[in-house]
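Each of the two blocks below gives one form of the same protein chain as structure tokens; they are labelled structure 1 and structure 2.
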Structure 1
Amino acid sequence: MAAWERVWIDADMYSQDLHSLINCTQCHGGQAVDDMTIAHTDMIDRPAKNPETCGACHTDVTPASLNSLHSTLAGYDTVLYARSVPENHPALEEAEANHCNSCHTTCGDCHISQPYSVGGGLLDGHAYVQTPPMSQTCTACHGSRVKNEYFGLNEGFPSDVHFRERMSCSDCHTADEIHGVGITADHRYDGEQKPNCEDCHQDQIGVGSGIEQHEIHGTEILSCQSCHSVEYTNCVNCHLSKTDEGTPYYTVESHNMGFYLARNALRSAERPYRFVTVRHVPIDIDSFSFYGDNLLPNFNNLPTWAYATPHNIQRNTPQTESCEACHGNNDIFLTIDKVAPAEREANASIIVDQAPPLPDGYVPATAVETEVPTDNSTDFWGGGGDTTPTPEPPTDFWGGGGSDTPTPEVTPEATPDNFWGG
């Protein structure tokens, strides 16, 4: 936005908004006088953060919204406290206040202006916008991962099929969900799945759907994203700090594209899946070291590869091409070689020892009856049978040679032979 666009209020247009009947000072503070020096004293920086502003009229929504995960830092507290101890909570809360509060939003950050975290700026001349524009509000905060995935901004990967159908965030995420109405949650994956793929695709899921792959896998082996997501961003080692002038900032060591299935650490009646997509979150044992020493002494209490619901859904993906794309294919499973040695204990409960095998008696669709030469001197394609090169040993995910892979500190739970129900 140009600077003037951020603050320009069209008086004629705004006069038609019901909110124009409210005096500016009622929300923004200051004094309703002609003297500009006095008028702008005691201004309220983010008026919608105050429950007495929007909440004075919108009593059905505001209390829930101000206690929702969009407004509070309860989601961060849940995971950080699990890795920490009570005496370290004040230091962690100081870090959150410096680095997280500007993102966690107010009513005005969605309905009046762009979010504070991206510099604000009025959406429509201070008029109330009932349905927040996706590209100026939702993806302003959920940008580095969700926006790039959904819009197809990761090079080489298409946009989400729902985006290609011109669907915005609010087509799936209802107003009550966004406002937290009727929801009590300490983490975004607490309780019921909202939204749920079944909300729109009920007849296409599980037994009775008429879709062979869905019939076979049912609704408890794999999450929908396990088959219908493609590669997404994984970030490594975030560290918080401040400049010499006191401005908070953060750095991320690296990020990469990848797709990984792991055991479901959040398995429950609401999320019964055995395998789910996981994303590496950029937590590090020293992420908060600027604010104190050893602030995460229980770092290994939670996985660093977290349950994920990527926003890059496709009808056809590499996983849907054949049964062998998943079964017997360790490349897409979070096997121990893909986990940094220092994080293996934290992820022990979700690491997969090996990809599930194909069912007994399965005949690959690619198998065709062809006369194969019986002469052992040549292979099927005509080359010498004993000249086939020996495959190179696999390279460790973190850059080391396969033969130099450290002895793992953990032993992953064995994949059940009876994948289909054992």
Structure 2
Amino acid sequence: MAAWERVWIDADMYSQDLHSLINCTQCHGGQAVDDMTIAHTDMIDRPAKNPETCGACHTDVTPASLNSLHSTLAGYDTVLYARSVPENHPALEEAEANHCNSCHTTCGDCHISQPYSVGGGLLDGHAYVQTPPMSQTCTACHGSRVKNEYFGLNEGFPSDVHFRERMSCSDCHTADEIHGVGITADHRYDGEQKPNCEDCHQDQIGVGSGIEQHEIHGTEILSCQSCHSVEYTNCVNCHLSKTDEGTPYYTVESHNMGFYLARNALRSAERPYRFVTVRHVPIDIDSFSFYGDNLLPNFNNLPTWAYATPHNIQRNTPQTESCEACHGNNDIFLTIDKVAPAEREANASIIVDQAPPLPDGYVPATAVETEVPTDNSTDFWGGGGDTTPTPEPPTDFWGGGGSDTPTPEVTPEATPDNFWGG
């Protein structure tokens, strides 16, 4: 956005906005005079930073919004303080002030301009925008993970099925959720799931849905993302520092694409799943060492592989291809070999010993069709007594009769009907 565009008021648009009845100087300060220098003296470029500016009229939403995670960034404190001790909090707060706090959002950062942290600039000629545009606001901040996943910008991985259906962030994330209305949460996954897949897909969830895999797995074994998301970005070891001139910067040691299921560290009534997708967060025991020694003495209190809800949902994924895609497949589970030795204690509660085996008596589908009666599904899925003799599984994984031909790789074809979820 060019410099002039950032501050250009669209007379046609703005004149339709009720806010145009308010004098500019009432919110922005400065003086309404022709001399530019005098006019801009003591001008407030982001008046919404002052809660009174919007809160004087919008009493229904402003107080909640001021306490929302978007405004307080309390999620950072929660995960850092859990790994630290109170005497280290001032040093951590200094680090947050230098490196994190520019992400604070005000009302104006979404409804009037692009967020300050991504350069600002009026969205719609200063007219109030009821539903902030996704690309200029939401994904302008939530870029490196959510945006890339949702838009399909990670090379080789598809966009989210909801994006392909032209859904924007606010179609799932309601205004109340974003403003924190009725929510007292100290981190993103605290309390009720918002949004909840079930809000739209109520007929497709769990037992009674008529969807075979949902019938089998119910609603308490796997989060929806466990089966319906694909690989996502994992970041490793972020370190903070400052240049000689005092400019703060960070360095993420590495990042890579991966998909891992682990035990659910946040298991609760709201999130009862045994297995969930986990993302490596860029924390390291020395992430804040620029600001002091040993600032995270309780580093092992939280996993470094964190509960995640990747934004690249597909109807069909490699996990939905077959039972064997997950059962017995250690590749997609966070087994100990995938966790850095220095982080194993922190992740002990979520590391999976090995992938869940196939149920007793399981026979690959091809064999079932030819050798097993079709009415034994209850026993087959471990739901009852095993009175039916189970035929020997074929010698070959794919039911090919044990030929010497090498087993084909389990690579789904990239066609709209399978991997890409068309």
Partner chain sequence: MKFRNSLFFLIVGFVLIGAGLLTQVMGVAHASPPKVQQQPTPVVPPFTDIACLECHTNQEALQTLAVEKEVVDSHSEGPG
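The term rigid core refers to the maximal set of C-alpha atoms that superpose within 1.5 Å between the two forms. Everything numeric here is computed off the predicted structure, so don't read it as measured data. Here, residue number means position along structure 1's sequence, counting from 1.
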Query raised in the report: Between the two chains shown, which is the form predicted together with its partner chain?
Result: 2
Requested in this report: Please say whether, between the two structures, the C-alpha of Ala11 moves by 2 Å or more once the core is aligned.
Outcome: yes
Requested in this report: Just grab the Cα shift of Val33 between the two structures for me, core aligned, in angstrom.
Outcome: 4.6
